[in-house]
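Here we start with a single chain on its own, the form predicted alone, put down as structure tokens.
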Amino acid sequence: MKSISLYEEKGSLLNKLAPESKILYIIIALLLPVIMGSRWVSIGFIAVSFFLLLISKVLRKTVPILSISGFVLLTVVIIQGIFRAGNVTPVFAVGPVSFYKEGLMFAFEIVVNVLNILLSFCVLILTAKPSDIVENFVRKGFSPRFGYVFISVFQIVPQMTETMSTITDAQRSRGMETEGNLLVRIKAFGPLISPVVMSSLINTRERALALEVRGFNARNKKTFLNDEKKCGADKYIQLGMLAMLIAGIVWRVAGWR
């Protein structure tokens, strides 16, 4: 059975770390550039995330995520580079169209921030089991409802992708053309998307019934099938990241810019 999450077990150090260490990394990666007000901090975290994903052997799984985002970011660069208000310094031209330094620099900051967000989240979702993340949250006192919503967010994209693939194969076996030029794909979109939506609604209903049968709303104290995931390095990594955050705050307050 195919997994409906993006997690991959590679036996790496990141796989062994507790989910809260990786969640803390995301928080630090997003907060520290804002506190210090420097795009170079974001670039540094991009490099760190890239390295962590590389040594964890899951870097290739970021390709689809970055490809989809890359198309959007490319349009941002084009639009800002040409049309942003305040563009005054031409850098280069493509035919009659000029790109300006001010717009390109603004677009560069957007690209850096988005890549930092995406790669730091990839560190979590590609190396931590959703079930481990939820169990750790519940152990810390969070509501199981919060845990269910959290895990659903991670599962919805892989689940929709798997459903879409299954329905596409089924429609193709019935003789429907799903590949070809743009017009053929547009014609196939309706017959494909309708079953996907209906399947998702049915799955939601089935999940609700399954949760009710298994006592999801029971008020008794919950027990856990698996032991809490911990690594000896977790405490030191978390303390190190908190020290980085405090140092960044002190640096900003002291005005050492």
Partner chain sequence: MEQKNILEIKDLHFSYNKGDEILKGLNFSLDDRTTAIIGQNGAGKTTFVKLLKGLLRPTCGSILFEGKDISTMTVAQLARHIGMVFQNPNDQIFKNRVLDEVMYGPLKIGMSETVAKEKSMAALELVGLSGFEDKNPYDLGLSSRKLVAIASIIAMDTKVIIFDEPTIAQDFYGKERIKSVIRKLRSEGVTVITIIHDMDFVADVFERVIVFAKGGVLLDGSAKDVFADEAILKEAYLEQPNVTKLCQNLGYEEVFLNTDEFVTYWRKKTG
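Whichever C-alpha set is largest while still superposing within 1.5 Å between the two forms counts as the rigid core. Residue numbers count along the first chain shown, from 1. Just so it is clear, the model here is predicted, and its values are computed rather than measured.
What follows is about the form predicted together with its partner chain, which we do not show.
Mind telling me which stretch in 75-83, 125-133, 91-99, 162-170 gets its heavy atoms within 4.5 Å of its partner chain in the model of the complex?
Of the stretches listed, the one contacting the partner is 162-170.
Which pick from 195, 44, 64, 70 sits with a heavy atom within 4.5 Å of its partner chain in the model of the complex?
Selected option: 195.
Give a yes or no for residue 138: in the model of the complex, does one of its heavy atoms lie within 4.5 Å of a heavy atom belonging to its partner chain?
So residue 138 does not count as contacting its partner chain.
Taking 4.5 angstroms as the cut-off for heavy atoms, does residue 202 touch its partner chain in the model of the complex?
Heavy-atom contact with its partner chain at 4.5 Å: present for residue 202.
So in the model of the complex, does residue 110 come within 4.5 Å of its partner chain, heavy atom to heavy atom?
Although its partner chain is absent here, residue 110 would stay clear of it in the model of the complex, with no heavy atoms inside 4.5 Å.
I'd like to know if residue 232 sits close to its partner chain in the model of the complex, meaning any non-hydrogen atom pair within 4.5 angstroms.
No, residue 232 is distant from the partner.
Once the core is aligned, please say if the CA of residue 195 is shifted by at least 2 angstroms between this form and the one not shown.
Comparing the forms between this form and the one not shown, which are aligned on their rigid core, residue 195 does shift its C-alpha by 2 Å or more.
After a rigid core superposition, would you say the CA of residue 205 moves by 2 angstroms or more between this form and the one not shown, or not?
Passes the 2 Å threshold, so yes.
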